[in-house]
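Shown next as structure tokens: one chain only, the form predicted on its own.
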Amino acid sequence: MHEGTISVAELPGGFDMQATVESGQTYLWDRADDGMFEDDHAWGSDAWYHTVLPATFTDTDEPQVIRVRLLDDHVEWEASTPEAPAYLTRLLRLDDDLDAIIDDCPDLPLLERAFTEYRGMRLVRDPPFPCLVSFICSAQMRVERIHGMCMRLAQQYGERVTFDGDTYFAFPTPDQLAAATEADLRDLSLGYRAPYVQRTAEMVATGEADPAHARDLDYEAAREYLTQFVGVGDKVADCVLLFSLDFLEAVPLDTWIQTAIEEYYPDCDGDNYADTSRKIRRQFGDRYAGYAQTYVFFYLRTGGE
């Protein structure tokens, strides 16, 4: 087992593990105490979290387990690979200058309250295929149920990994998931999303399309590219762009952001998704509008106003 620490003082803007992985950005992490998404105010926990990096995401072409917790002034990690700090930096965007990002965002009272409430929350950078599938599963679902779907997919179809005497499961590869039938996926409580997941996995497995290819496109072209996957509309595409593919300007127009537009920024209510998207991105400062969106989303979802 490999282990070590990362000093929070070396991360501009700080870091909060719980807010980062329990804010609805990612469904690929879990807690050792089974308390994922149970806290109303998800910030400041020192619980152990873990994820399994898929083989396609690692330098060894093998899945790797990483366990992490935040203790006072440092991030403590244990892993099956000595490269865990580099992977954590990539997954949790620890190299983002959060102070500079917040300073670059406009001075809006709602944003300021959200930044203050969840200081240290960072965006995630999930592997593209697991991110895509997790947000296909997100339609009309609460965060804890989305998380449950992703965990069941991993346990049923993903590679089993043993680490430090415990068993973990990697999220399934496109090939593994494409082999599942619609009925199999419905048995895992995916409901009407089952054929969407199966067909999307098949598209990636056969090389028909790959979500990672969107990274090389301009923002709106990248969003359009992702909508070719079955079950992916503009909002899900924006989630994948923001939480996996480094488009920090993306603003997924979910229920909470629509509420923010209605109550705080009515001039941003456009004629269609693309029009509203452009307006709210400008309102949130364009360059880091996705950071602003994520803070506002989490703040409003947890009772802020």
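Residue indices: 1-based, along the sequence shown. Keep in mind that what you see is a predicted model, and the values were worked out from it rather than measured.
Absent from the display: the form predicted in complex with the DNA. The rest refers to it.
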{"query": "Partner contact for Y118 in the model of the complex: the DNA, 4.5 angstroms, heavy atom", "finding": "no"}
{"query": "H2, heavy atom within 4.5 angstroms of the DNA in the model of the complex", "finding": "no"}
{"query": "Heavy atom of F229 within 4.5 Å of the DNA in the model of the complex", "finding": "yes"}
{"query": "Contact of R93 with the DNA in the model of the complex (heavy atom, 4.5 Å)", "finding": "no"}
{"query": "Answer range among 123-131, 163-171, 231-239, 215-223 for contact with the DNA, defined in the model of the complex as heavy atoms within 4.5 Å", "finding": "231-239"}
{"query": "Heavy atom of each of S23, S189 and D254 within 4.5 Å of the DNA in the model of the complex", "finding": "yes"}
